[in-house]
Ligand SMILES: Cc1cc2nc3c(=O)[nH]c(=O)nc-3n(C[C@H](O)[C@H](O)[C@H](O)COP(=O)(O)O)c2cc1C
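A lone chain, given as structure tokens: the form predicted on its own.
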């Protein structure tokens, strides 16, 4: 007979899978699957949803799945359980990125349970950020958050570093957009279909008329000129920019980076700020190498974010749970 505690554990793991689906992912591809079996939740990569042009190594796919893993950990804490995570547990099955089992002692020191309340409020924001500076104490807290997840958050504060980030982002943006296959991939993952449950909604991307010349250009999703939020993102090098990186550059590091990214984003949300990716410079191999050198980084840059105050953006749609979760009796 199944005990009450076992039923509670199963319910908590099922809820963790639901909460995991609210994680950010590259182009909102949601490239994950979950399997609930024998008291554990498996987090799998769905490589059929990999961006073949932008992400040939599956680095960004793995970061996305790491963010989903963090949400599952947060959910379990809010359910009163701890999470024991076995990362990349089976070398023969590379799609299995993590196994999660519950423990009776949630990690109260990490403050995970409190983050569950902002999990659905977190959003990728591509709108115009205002000129308010992010307080130093907030940035310090975010640095500590990333460090707790085996990652490093580097605040781009020196002017020469800001100039380098802006220049390398523009260079990478030009290189990416010169590739017809890249532009086709962008079109495939941008949608105005109200029934579609993945991809980037045109309502959430800025309208671009060719006149806006941002210092740190955001990715152009507005291929068809149907973007909504006027008058453009106005992304400048004077805004708060941070680089998230890891000591290594292997799949385990990418997974850890995703966990650190989502925990950082949840902390940003809890403090009333918004965040959005500016990742072109870490996607093109040549500019990624240059970024690391010109900023004097010993870590491998995995993500570049801008942080600030911004109006709310339309929420991303999510795939149905039946399409991402398998439960074995």
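Fair warning: this is a prediction, and the values are worked out from it, not measured in the lab. Positions refer to the first chain, counted from 1.
There is another form of this protein, the form predicted together with this ligand, and it is not shown here; the text below is about that form.
Q: So which stretch, 101-109, 143-151, 243-251, 122-130, is the one near this ligand in the predicted bound form (non-hydrogen atoms, 4.5 Å)?
A: Only one stretch passes the 4.5 Å heavy-atom test: 122-130.
Q: Quick one: of 77, 115, 200, 156, which gets a non-hydrogen atom within 4.5 angstroms of this ligand in the predicted bound form?
A: Result of the distance check: 200.
Q: Scan 278, 260, 69, 41 and let me know which has any heavy atom within 4.5 Å of this ligand in the predicted bound form.
A: Looking at the other structure, the residue within range turns out to be 278.
Q: Can you tell me whether residue 303 touches this ligand? I mean in the predicted bound form, with a 4.5 angstroms heavy atom cut-off.
A: Contact with this ligand, yes.
Q: Using a 4.5 angstroms cut-off on non-hydrogen atoms, would residue 28 count as touching this ligand in the predicted bound form?
A: Contact with this ligand, yes.
Q: So, in the predicted bound form, is residue 318 in contact with this ligand at a 4.5 angstroms heavy atom limit?
A: It does: once this ligand is placed as it appears in the predicted bound form, residue 318 has a heavy atom within 4.5 Å of it.
Q: Quick one: is residue 60 in contact with this ligand in the predicted bound form, heavy atoms, 4.5 Å cut-off?
A: Contact check for residue 60: yes, within 4.5 Å of this ligand in the predicted bound form.
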